[in-house]
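There is one chain below, alone, in C-alpha cells, taken in the form predicted on its own.
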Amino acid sequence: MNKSASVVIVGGGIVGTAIAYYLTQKGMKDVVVLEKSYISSGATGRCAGGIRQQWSESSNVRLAMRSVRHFENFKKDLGADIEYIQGGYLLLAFDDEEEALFGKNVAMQRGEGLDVSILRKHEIQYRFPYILLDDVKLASFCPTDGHANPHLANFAYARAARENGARIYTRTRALGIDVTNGRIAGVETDRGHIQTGVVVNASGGFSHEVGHMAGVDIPTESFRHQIMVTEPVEHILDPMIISFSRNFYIRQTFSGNIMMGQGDEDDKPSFNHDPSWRFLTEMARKMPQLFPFLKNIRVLRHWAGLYNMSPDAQPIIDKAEKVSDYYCAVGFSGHGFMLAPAVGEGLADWIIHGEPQEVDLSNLGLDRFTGEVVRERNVV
C-alpha cells in the first residue's frame, strides 16, 4: 500500500471515485481512494439510479444539469455502457400546495435553462395511460432526466481512475486522520499509515464520523431507505415517476424489472440496512392503486440503503475552515449518484486550482447552516 499520496479520498462510492477520476484526468496522479468494503457496496450500489434536474433550489438544478451533460457523454468519455436512458422524470402533484409549488419550481427551472413543462391531467393521461389519475392535480416533466445503472457507473469511474494512476484500496478502513496545528498530516488505516496533506470525505452514510476523525463537525445524519424490485416484464415505463407527498418513486430497469422505493417517516437516524416487512406491505398496498399493472407482478427481492441527510436536504460540498485542506462531499440526501459527475469535476478543480472552475458549488458550504435553513422540497 502507498506510504504517501497527494490526496486521500475516504469512500469508494460514485462520489469518491468520480473525484478520483477527475483529479487524475486533470493531471494529479498521486491519488488514493480508501473503501472499507468493495466498490459500490454502500449507498451507490443500493440506490435506484435516477438522474433528475427538477429541484426546488436553483443550485441543485445547475449542479444536476452539469451532471447530465457528463452522463450524456459517459460512454464516449469513459468507454462504458452504464445503461443510461433519458426517458424523463414525471413528478406528480396531488394537492393544491404541490400544484402551486410545481408552478413556481418550473418557472425557476426554465430560468436556469432547463427543458421542463407542466402537464395537465388530460396530457398525462394521453402520454402515460397506465397511471390512474383520480387524485392527481398535474405533473411536471423533463425529457432529459433519466436513469442509469449505478453499479456500472461506479465501476467505470473506479476503472478509469486506476488507469489514470490512482490507487484504490478496497477492504481498507480509515481509522483516523492526523491533524497537526490545523493541517492534515496523514490518514491511519487498518493496513498502515498514509502521509498526505489533503483528505476528501466522500464517505456517504458515515460522513459525520469521518468528519469527527479530523475534528470537523459535519451536521449529517443517516436514515434507512428501502427499494424493491419485481420480476422482469414487457417494457412499459420510459420515465421515472415520483411523488413527494405520496412518498414513492418507480422506474423500469434496462432488463425490464420494475424498481420502486420510499422512505420510512418513522425511522430514526441509524446505520440500519435491514429491510422490513412493513415496507413490502405498504408498497404492495399503495402502488397498484396508481399503477394497476403491478397488481399481479411478483416481487423478487428488496433491500435497504442509507440516505445521508443534511439539515436542508442539499449536499454539503466544502473545504473545512479550521483544518487546512480537508474537503467534504457529503449529505447528498439520497441524490449522490445523480450529482456525482458535477461534484467530482468541481471538487477536483477546487483541490488543484484553489477554487471550482466551471461548476457552481456556491450555497453548498457548511456556513449556510449558521443562518436560516432553506430546505430542498423535492426529496422522497
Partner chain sequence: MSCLSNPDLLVVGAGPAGLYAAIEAASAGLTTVIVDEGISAGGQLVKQTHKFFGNEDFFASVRGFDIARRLLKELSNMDHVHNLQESSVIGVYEDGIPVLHLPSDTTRLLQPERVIVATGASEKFLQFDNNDLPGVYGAGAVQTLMNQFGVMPGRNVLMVGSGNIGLIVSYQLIQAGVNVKAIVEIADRIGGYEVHANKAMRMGIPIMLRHTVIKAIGTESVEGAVICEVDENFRPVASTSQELAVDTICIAIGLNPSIELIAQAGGEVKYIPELGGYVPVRDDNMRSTAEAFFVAGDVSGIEEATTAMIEGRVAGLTVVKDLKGNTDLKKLESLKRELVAFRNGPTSARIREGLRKLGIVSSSKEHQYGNPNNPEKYMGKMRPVIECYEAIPCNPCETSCPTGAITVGENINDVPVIDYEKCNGCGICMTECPGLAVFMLRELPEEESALIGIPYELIPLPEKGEKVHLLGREGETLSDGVVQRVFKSPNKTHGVYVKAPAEIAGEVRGVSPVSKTDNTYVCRCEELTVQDVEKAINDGYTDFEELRRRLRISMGPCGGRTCRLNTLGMLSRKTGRPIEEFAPGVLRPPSIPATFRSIAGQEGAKDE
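Numbering follows the first chain given and starts at 1. Note that the coordinates shown come from a computational prediction; the quantities given were computed from them, not determined experimentally.
Omitted from view is the form predicted together with the partner chain, to which the following refers.
Go through L138, A185, M108, L280 and name the one with a heavy atom inside 4.5 Å of the partner chain in the model of the complex.
Answer to the contact question: L280.
Identify which of S333, S40, Q53, S56 has a heavy atom within 4.5 Å of the partner chain in the model of the complex; exactly one of them does.
Only one option qualifies, and that one is S40.
In the model of the complex, do K75, V323 and M338 all reach within 4.5 Å of the partner chain through at least one heavy atom apiece?
The answer is no: none of the three residues contacts the partner (heavy atom, 4.5 Å cut-off).
4.5 angstroms heavy atom contact with the partner chain in the model of the complex for M228
Heavy-atom contact with the partner chain at 4.5 Å: present for M228.
Is Q195 close to the partner chain in the model of the complex, meaning a heavy atom pair under 4.5 Å apart or at it?
No, Q195 sits far enough from the partner chain in the model of the complex that none of its heavy atoms falls within 4.5 Å.
Whether A100 contacts the partner chain in the model of the complex should be assessed with a 4.5 Å heavy atom distance threshold; does it?
A100: no, not in contact with the partner chain in the model of the complex.
Do M287 and the partner chain share at least one heavy atom pair within 4.5 Å in the model of the complex?
Result yes; M287 sits at the interface with the partner chain in the model of the complex.
Pick the stretch from 187-195, 238-246, 203-211, 269-277 whose residues have a heavy atom within 4.5 Å of the partner chain in the model of the complex.
In short, 269-277.
Would you give me the residues of 287-306 that have any heavy atom within 4.5 Å of the partner chain in the model of the complex, in order from first to last?
Read in sequence order, the residues that approach the partner chain (within 4.5 Å, in the model of the complex) are M287, P288, L294, K295, N296, I297, R298, V299, L300, R301, H302, W303.
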